[in-house]
Every structure is written in C-alpha cells, then in structure tokens.
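Heads up, the chain below is alone and in the form predicted on its own; it's given as structure tokens.
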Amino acid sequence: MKVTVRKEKDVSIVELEGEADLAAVPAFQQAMQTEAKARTRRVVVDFSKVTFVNTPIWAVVVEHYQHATEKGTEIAVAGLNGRVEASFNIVRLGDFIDAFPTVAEAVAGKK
C-alpha cells in the first residue's frame, strides 16, 4: 500500500492506495503520528484508492481518533466504496467517525 500526505488549507489528507492490510500498518501509523504532531484542525483519511481494508487499519484510525479528539483535532474518512465501505460499516466506525463521499466534502466538513 502507498501512503501519501498532502495539505489542503488547514487540513491534512492522508491518502491510501492499494490493499490496506497488516503489512501497511507501520507506514499508515507513521503518517498518522506525524499528522497528530502537526496539530492540524482536521485529518482526513482518503480511502478512495483502496481495494481492501482489514481490521488493523481500522484500529489505527480509532487510535488516532481517540488521541486527536483529546487535542481538538477532527478525524474523518472519505471515499469509502464497495468492500471498504462494507468493512467500515461492519465495525460500526460510523457511530463516531464522520465519513464523507469525497475528500472535498471531508475537507469542508459538510456532507
């Protein structure tokens, strides 16, 4: 999996591409830790180019959601589709993490 970080206004966008499996956790974890230290207003995880997600990736999202909200940073996900969206719904992350159809909507914070 490829992990890329870019900035848009005061929002960090962590873009994932490929299969988000156990082997991808260290790179994703590192990117999320770096963004947590940057203290941006919002971190958006872009799943639009992800073909598969397993539970350890969602665990990273939850861990950073917990730490970020304590520091006033919002965490959101964007671009969920197919199996990735089904996985997100199965683990019920939508109960506390905002999911947006597109990165642009996630950056704006409007569904």
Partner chain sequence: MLIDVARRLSSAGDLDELVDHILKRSREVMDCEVCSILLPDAANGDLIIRSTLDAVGSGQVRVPKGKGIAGEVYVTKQLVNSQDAGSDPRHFKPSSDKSGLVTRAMLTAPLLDGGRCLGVMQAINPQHEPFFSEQDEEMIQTFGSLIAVTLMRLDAQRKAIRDAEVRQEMSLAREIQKSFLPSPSARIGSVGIEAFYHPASDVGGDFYFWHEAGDGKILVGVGDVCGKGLPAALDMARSTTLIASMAHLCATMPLGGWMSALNARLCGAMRAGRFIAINALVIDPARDSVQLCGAGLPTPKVRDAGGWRDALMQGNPPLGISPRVVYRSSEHGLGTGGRCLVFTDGILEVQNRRGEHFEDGAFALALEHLADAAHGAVVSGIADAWQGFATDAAYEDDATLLLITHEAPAPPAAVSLKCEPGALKDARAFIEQWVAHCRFDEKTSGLVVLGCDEVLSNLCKHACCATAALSAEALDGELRIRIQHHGEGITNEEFQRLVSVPSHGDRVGGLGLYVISQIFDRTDFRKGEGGSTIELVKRVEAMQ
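Here the structure is a predicted model, which means the values were calculated and not measured. Residue numbers count along the first chain shown, from 1.
Keep in mind that the form predicted in complex with the partner chain is missing from the display, and what follows is about it.
Checked against the partner chain in the predicted bound form, the candidates T40, S48, Q33, N54 yield a single residue with a heavy atom inside 4.5 Å, and that residue is N54. Heavy atoms of V62 reach within 4.5 Å of the partner chain in the predicted bound form, making it an interface residue. The shortest heavy atom separation between D21 and the partner chain in the predicted bound form is within 4.5 Å. In the predicted bound form, no heavy atom of A99 sits within 4.5 Å of the partner chain. Taking non-hydrogen atoms only, A86 approaches the partner chain to within 4.5 angstroms in the predicted bound form.
In the predicted bound form, I90, V91, R92, F96 are the residues of 89-105 with at least one heavy atom within 4.5 Å of the partner chain, listed from first to last.
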